[in-house]
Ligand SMILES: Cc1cc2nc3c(=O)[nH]c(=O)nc-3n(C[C@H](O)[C@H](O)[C@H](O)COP(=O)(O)OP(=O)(O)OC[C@H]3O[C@@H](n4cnc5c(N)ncnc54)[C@H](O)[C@@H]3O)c2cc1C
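A single chain, nothing else alongside it, follows as structure tokens in the form predicted alone.
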């Protein structure tokens, strides 16, 4: 493309960056996306192996309840006109080792409450309080976030915030473990049932914010879970299409090496170069370095990755707000292709959480990631088995059935191994995990025709996240802080649009962080740029382009 002047540049093409870019494009802005991989989407992608279409990251998408923020973004982008959402038939099932009967958590707020009361009638008071707390927290947070917080609003409401938003403040400093201890004491089975999917958010209930948990878990109960027909790649591609339809461009196999700043320390563009597919061990013969210019940059990456792209003298100021923030856990995945439908072997639900026998208390979830610290033995990690054949995904229609096993991992289990030792250990664990799957669903193992495993080390390389942190920063208590995560950065014109941004990780968190980044960028541009549109960008960047 001859014209390398844009209104905004997106570094990386995960859902956060693509959402920011698409929303900014809708404002009449010309946006460039630069992606180092050979597909757009980050974790929201689909790839093929041996005639099998493999979903990389999406199990079930929440965020569509009436107390959720995602519908505003989704509707503004008119995504239902471009993709089809498939409702998941049930939230999840829980399969505990030791002969315990499988327990199903249905979709729907009232249905979930009724199921919990039917299975655990002795905990009626705690169950009713639990769902009341989830609803109260979500209601308070939604009212607070959507309030028009003018100066007069703060003067009127500031002194009485803890009274006006009682549930939000009451549970802000509470962890999920503390919440469950208060409601159910040392009765562990009810905790496993209500929060078997705790790994969607964290590996440590002892630290996970009850406030964050209530927002996210309540969203599944209220609005349901969804998969996207054709895979999450459809969502990523739809966002790229919006950017292109508004005059923008999107590049693959290009790595941003430098964020360019002007004499005032404000972003002016990026330098990027060609690379081969991620995972290749050699560099291209000609990296074809290029520069593109824009007064706004959306960083769809971890702060530490963006830091390395900045001039040295600006790195410390940029990283200061992020230093010391704990990371979310990493994940392992095992993609499984089968030549028979898993329902023939007792797989009845879309998502089945397998709880190993050694996991006796709810807080033992924190130990799942340690299983991979050694070679396979008697201790197996817990995991979720997601059977995509339960939905009409429009994928894998040629007598192939796709599922994924997924659980918590730790980069320390893998990062110090040599290449040979790493692949040998990973192969051993693949076999052990498939054997365990066959124990859970006898006979299924004989019909596995394809399997491929990713570890925390894979997440680190593929998603470019520190220590393989899949959900950005950890959402620990207290959730509301004096200096909360933000999309704005210390570098004028640079906005964080990723799972490390203002709304946390996961598909929904990344999209909301991207939406907030686009909103903040619009506000900033209105205050600091002389006019709007690509013509204004040329004005602002004229000097930088000649340097």
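Positions refer to the first chain, counted from 1. Bear in mind the structure is a predicted one, so any value in this text is a computation, not a measurement.
Just so you know, the form predicted together with this ligand exists too; it's not on screen, but the next bit is about it.
Trainee: Check each of 309, 477, 190, 214 and return the one that places a heavy atom within 4.5 angstroms of this ligand in the predicted complex.
Mentor: Residue within 4.5 Å of the partner: 309.
Trainee: Name the residue from 92, 165, 220, 429 that puts a heavy atom within 4.5 Å of this ligand in the predicted complex.
Mentor: Answer to the contact question: 220.
Trainee: If we take heavy atoms and a 4.5 Å cut-off, which stretch out of 46-54, 518-526, 32-40, 65-73 is in contact with this ligand in the predicted complex?
Mentor: Only one stretch passes the 4.5 Å heavy-atom test: 32-40.
Trainee: Quick one: in the predicted complex, does every one of 14, 60 and 510 get a heavy atom within 4.5 Å of this ligand?
Mentor: Affirmative, all three are within 4.5 Å.
Trainee: Would residue 305 sit within 4.5 Å of this ligand in the predicted complex, counting heavy atoms only?
Mentor: Looking in the predicted complex, residue contacts with this ligand include residue 305, since a heavy atom lies within 4.5 Å.
Trainee: Could you confirm whether residue 345 comes within 4.5 Å of this ligand in the predicted complex, counting heavy atoms only?
Mentor: No - in the predicted complex, heavy atoms of residue 345 and this ligand never come within 4.5 Å of each other.
Trainee: Does residue 297 reach this ligand in the predicted complex, with heavy atoms at most 4.5 Å apart?
Mentor: Because no heavy atom of residue 297 falls inside 4.5 Å of this ligand in the predicted complex, the answer is no.
Trainee: Considering non-hydrogen atoms and a 4.5 Å limit, does this ligand approach residue 471 in the predicted complex?
Mentor: Yes.
Trainee: With this ligand taken in the predicted complex, which residues across 317-344 come within 4.5 angstroms through any non-hydrogen atom?
Mentor: The stretch touches the partner through 331, 333.
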